[in-house]
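Take a look at this one chain, the form predicted alone, written out in structure tokens.
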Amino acid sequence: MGSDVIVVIVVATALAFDFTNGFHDTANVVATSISTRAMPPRIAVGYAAILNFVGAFVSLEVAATVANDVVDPASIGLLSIFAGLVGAIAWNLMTWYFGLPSSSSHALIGGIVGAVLVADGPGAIFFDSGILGKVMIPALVAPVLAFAVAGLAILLIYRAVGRMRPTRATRGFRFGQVISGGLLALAHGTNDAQKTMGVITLALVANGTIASSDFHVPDWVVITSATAISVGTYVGGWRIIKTMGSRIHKMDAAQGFAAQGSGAAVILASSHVGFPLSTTQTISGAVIGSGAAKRLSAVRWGVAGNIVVAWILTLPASAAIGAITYVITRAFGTGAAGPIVVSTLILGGAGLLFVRRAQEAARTAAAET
């Protein structure tokens, strides 16, 4: 009975992470379309939310990677999974508060690895084949590849439309952004929603609900994960949207089209082979590439540098939070008391952050008027 209560708490926490993943990563999908005025903000966010939901049903390769290839599902317990999820949520909330587009994917993996390392030891973590081969190497390759593809794409685009009237070209690329933005939203749902599916399935395996020899993602896990990320996407992380859409560089419609198309291509290719990619890193790389190819000075390299620092910090910071959370949770025993106490604390902390953010927004609006 006690383990069933913990499973319910873990599933709820995983869906809460999925929600924060959605509102944290909304900027990845819609910022370029909004900044170039290809789509109004609310329509762009709603469009992305729908296609995030649809994308979650496209593939289950990433879910299988998260559930089987990062940590040993036969060796870990429910408390370490819970602590890892809390570590990821805490990092997502902190970076959202400061407007930094860090990686929700790496926050999740870092949180779980940190908790499992303290709870079960290094033997329960697949460092070479999992962390290095399927997380770290793709983390380095994907943004560089997106940078190069977007940079090459925008150079070819400018060459192809150089003689067209600017108003006609802009109108055409804004329409193109509706297509490329939809493809990016679909790719985001395909990769990111699956990570939550993998964690929930990992918890079900750890509880014995699903046999480790009979890995499968239940339909209810797919549906609830898709719903949570799409609702989070609709809520929207507006501070991060501003960073992605205009603070890196001022994009035109052609650059937005190139960045979205390049990001979507890299993410979909990675999802096909099961890499739990950072969509944030990938689209950020594409956005920077589309600006740098036009003119290096067009990119605000200080802002780009802050984003890179957030990327570097994400895995170790979320791992540290996951490890500390496990220690606190385990102090209350192996039952449901620890997860209940920690869940209450994280809900209270999230509430305070949202209240402070609302107060800051109100002060800013008052100052502008």
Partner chain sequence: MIAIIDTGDLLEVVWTSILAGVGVTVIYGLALLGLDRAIEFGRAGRGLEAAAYGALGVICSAGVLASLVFAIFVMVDK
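Positions refer to the first chain, counted from 1. These numbers were taken from a predicted model, which means no experiment stands behind them.
Same protein, other form: the form predicted in complex with its partner chain, not shown, and the subject of what follows.
Asks: So which of Ala292, Leu78, Ile125, Leu183 gets a non-hydrogen atom within 4.5 Å of its partner chain in the predicted complex?
Replies: It is Leu183.
Asks: Quick check on this chain: which one of Ala203, Val266, Ala193, Val116 has a heavy atom within 4.5 Å of its partner chain in the predicted complex?
Replies: It is Val266.
Asks: Report yes if any heavy atom of Phe173 sits within 4.5 Å of a heavy atom of its partner chain in the predicted complex; otherwise report no.
Replies: It does: once its partner chain is placed as it appears in the predicted complex, Phe173 has a heavy atom within 4.5 Å of it.
Asks: Mark Ala258 yes when one of its heavy atoms lies within 4.5 Å of a heavy atom of its partner chain in the predicted complex, and no otherwise.
Replies: Contact with its partner chain, yes.
Asks: Report whether the minimum heavy atom distance between Val308 and its partner chain in the predicted complex is within 4.5 Å.
Replies: Flag for Val308 set to no.
Asks: I'd like to know whether Val161 contacts its partner chain in the predicted complex, with contact meaning heavy atoms within 4.5 angstroms.
Replies: Contact with its partner chain, yes.
Asks: Okay, which stretch from 185 to 193, 85 to 93, 70 to 78, 216 to 224 lines its partner chain in the predicted complex, with non-hydrogen atoms inside 4.5 Å?
Replies: One stretch meets the cut-off, namely 185 to 193.
Asks: Can you work out whether its partner chain is within 4.5 angstroms of a heavy atom in all three of Val141, Arg165 and Ala169 in the predicted complex?
Replies: Heavy-atom distance to its partner chain in the predicted complex: all three under 4.5 Å.
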